[in-house]
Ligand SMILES: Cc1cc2nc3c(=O)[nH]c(=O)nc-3n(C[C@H](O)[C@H](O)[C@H](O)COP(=O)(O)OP(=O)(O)OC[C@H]3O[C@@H](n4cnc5c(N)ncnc54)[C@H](O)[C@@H]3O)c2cc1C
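Only one chain is given next, in structure tokens, and it is the form predicted on its own.
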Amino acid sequence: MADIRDETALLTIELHTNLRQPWEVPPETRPGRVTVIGGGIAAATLAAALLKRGREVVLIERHPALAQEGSGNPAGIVMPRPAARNDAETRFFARAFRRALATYEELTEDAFSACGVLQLALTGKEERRLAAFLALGLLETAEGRMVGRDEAQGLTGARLPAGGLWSADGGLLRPRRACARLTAGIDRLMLGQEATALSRTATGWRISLANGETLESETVVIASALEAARFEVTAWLPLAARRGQITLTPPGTQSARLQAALVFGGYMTPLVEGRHAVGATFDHSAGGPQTVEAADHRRNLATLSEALGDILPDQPEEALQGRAALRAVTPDHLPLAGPVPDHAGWLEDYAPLAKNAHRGGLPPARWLPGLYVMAGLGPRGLTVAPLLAEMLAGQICGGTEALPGEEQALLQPGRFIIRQLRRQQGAAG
């Protein structure tokens, strides 16, 4: 029976023309309840995508409210990520921007405002890069164009040193409100409950909670940023912490007229609840509680001043507010999204890659049935989350693929196991 199963799986690989390797073929779909662990934008968009497909969804969040960590800023910018090369990574981020617009435009206006985003071209090199990205045609239905300084000033309401890439339908997301809207109608929302352990059962997974209770579910998705690596079966995931602090500042005479978001290495939003959000730092961190630092306010405002001059007057330190939080990133700065491999099984089955990085004839991938992860979204989390959610919901429920195979392969967690083995061959050589 095992040989027949393996031959069938290998035939499936051959039929997936975009999936050339056995570890790039996702597992079969499973019926039943889906439990999502996490309470930020990743968990919320995934819950919404699953609810649209008619699945029973349970969401477990350790905080007493949604969007309390990396997704907890008062506002974040939804915008494209320009790159001059037309490769799978660039296409993924462009596709993610388009999906984010489609998802967030369905929310109420107080959750998403399409105020427009200007990515400034402060140097000739940056202008050429932005123009080259636009020329790729990847934005498709999204409205993007290069604008000169005079037009940029008219669009944004601000006095600017340059024009740049204008994304008319980009804008500001209020993550806490968005998470609340996206999870409306969820079957069971378990706030203030911490998942501490996962164990396999005959039909799926048993989730142990900090209060001693347990919950069983056919499918589990870990969408809890850095906490995604806390479970024994996912401890190998290469997630690292990056600390980000934003500065919330009162407006000046010039900045009060700002109508769109400005991006210039840092960023500045229009007024949100009477203040601009200026940010953001992006530093290595050992984790732990995050406090707002005056030095990081100075860094944020110095970056703003260097790019935009005196758009803001000098502010006394006591007038500034802020927020600091950790973001989860991966070594290649791409998210982790997909089924969770059987780590020991992959190391055993794909060990030949340590001798020959291009070895063929390898067995089908061993997955941990019904277990998925969506983490490591980094500073682009608000923009990429809806597309990752659609991809995962499709893998879990079946149906139309949200991403081509080559883009799915960029994101699947097992890529780091394969790279680890292939690096061993390079080291031996």
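The first residue of the shown sequence is 1; numbering continues from there. Here the structure is a predicted model, which means the values were calculated and not measured.
Below, we refer to the form predicted together with the named molecule, which is not included among the displayed structures.
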Q.
Does the named molecule, in the model of the complex, lie within 4.5 angstroms of each residue among 26, 369 and 395, using heavy atoms as the measure?
A. no
Q | Any non-hydrogen atom of residue 339 within 4.5 angstroms of the named molecule in the model of the complex | A | no
Q.
So, residue 382 and the named molecule: in the model of the complex, are they within 4.5 Å at any heavy atom pair?
A. yes
**Q.** Proximity of residue 248 to the named molecule in the model of the complex, heavy atoms at 4.5 Å
**A.** no
Q) Contact between residue 277 and the named molecule in the model of the complex at 4.5 Å, heavy atoms? A) no
Q. Here the chain is shown alone; which of 353, 304, 77, 138 has a heavy atom within 4.5 Å of the named molecule in the model of the complex?
A. 77
Q) the named molecule isn't shown here, but in the model of the complex which of 223, 165, 178, 220 has a heavy atom within 4.5 Å of it? A) 223
Q) If we take heavy atoms and a 4.5 Å cut-off, which stretch out of 397-405, 360-368, 46-54, 31-39 is in contact with the named molecule in the model of the complex? A) 31-39
Q: At a 4.5 angstroms cut-off on non-hydrogen atoms, which residues of 258-276 are near the named molecule in the model of the complex? List them in order.
A: 267
